[in-house]
Ligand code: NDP
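Given next, in structure tokens, is a single chain: the form predicted on its own.
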Amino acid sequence: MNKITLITGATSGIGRSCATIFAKNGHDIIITGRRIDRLEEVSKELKSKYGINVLPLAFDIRNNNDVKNAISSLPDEWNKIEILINNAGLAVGLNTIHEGEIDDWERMIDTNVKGLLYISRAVLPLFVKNKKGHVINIGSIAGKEVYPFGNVYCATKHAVDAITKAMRTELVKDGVKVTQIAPGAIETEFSIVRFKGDKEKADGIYKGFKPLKPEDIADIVYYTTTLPSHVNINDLIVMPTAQASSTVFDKKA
């Protein structure tokens, strides 16, 4: 088989774009997500266009038993994963802490922090055993700064930043690379989820400037995996040209 790459949250946005560019470059792909219909759609498209193998795994990354069962039951030909892209993540709501929705908090913490840990715990022993591998954690500018009403989301992405650093220090002796890519404003389903389906509010976030596209980040993710074995990109913040920080934009009327 070709080099095997596992991508979480691969049914849309950055995850789907990553699946496309890795498939285009000859990788066999394991794609995960909760929506089996979308996984099958992506799988069919990638196999048809690029002639590679695709294994869709439908599970909720927030459920550790489901994660463990999915990875432990991989067929022998699929358990030699070399690249893990921890992409699954979301933001829900924009509230002050004293007005926050507990369900929103738990959904973000369970997906962005615990989900990343669950899949990493399941896959990293394979990297350590093989003395090679590359983990790419998709972070956010929200993991570098804190902005009003982003409190818990920012906290989860700060956790991703810390977990990435911890992974790097713990896995360096095993020859495993660890990279974090932290995007700024990027036009995906992210804002639609944050505003709980209110497309008008979501679209308003991107008015007046050109945001990043999922393929912009996918190109960078792929590039980090093509470097010589002695070279690793530890941490990379990627912003639209019109964005200086999480709250400073050059927006045109």
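Numbers follow the displayed sequence, beginning with 1. Predicted model only: the values in this text are computed from it and were never measured.
The following text describes the form predicted together with the ligand, which does not appear among the structures shown.
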* Given that the partner is absent here, does C18 sit within 4.5 Å of the ligand in the model of the complex, heavy atoms only? -> no
* Asked: Is N25 a contact residue for the ligand in the model of the complex, using a 4.5 Å heavy atom cut-off?
  -> no
* **Contact test in the model of the complex: V178 vs the ligand, heavy atoms, 4.5 Å** => no
* **Any non-hydrogen atom of V54 within 4.5 angstroms of the ligand in the model of the complex** => no
* With the partner removed from view, which of 168-176, 120-128, 83-91, 98-106 is the stretch that lies within 4.5 Å of the ligand in the model of the complex, judged by heavy atom distances? -> 83-91
* Asked: Just one of K49, R35, K196, K207 has a heavy atom within 4.5 angstroms of the ligand in the model of the complex, so which one?
  -> R35
* Structure fact -> Checked 120-159 against the ligand in the model of the complex; residues with a heavy atom within 4.5 Å, sequence order, are I138, G139, S140, Y153, K157
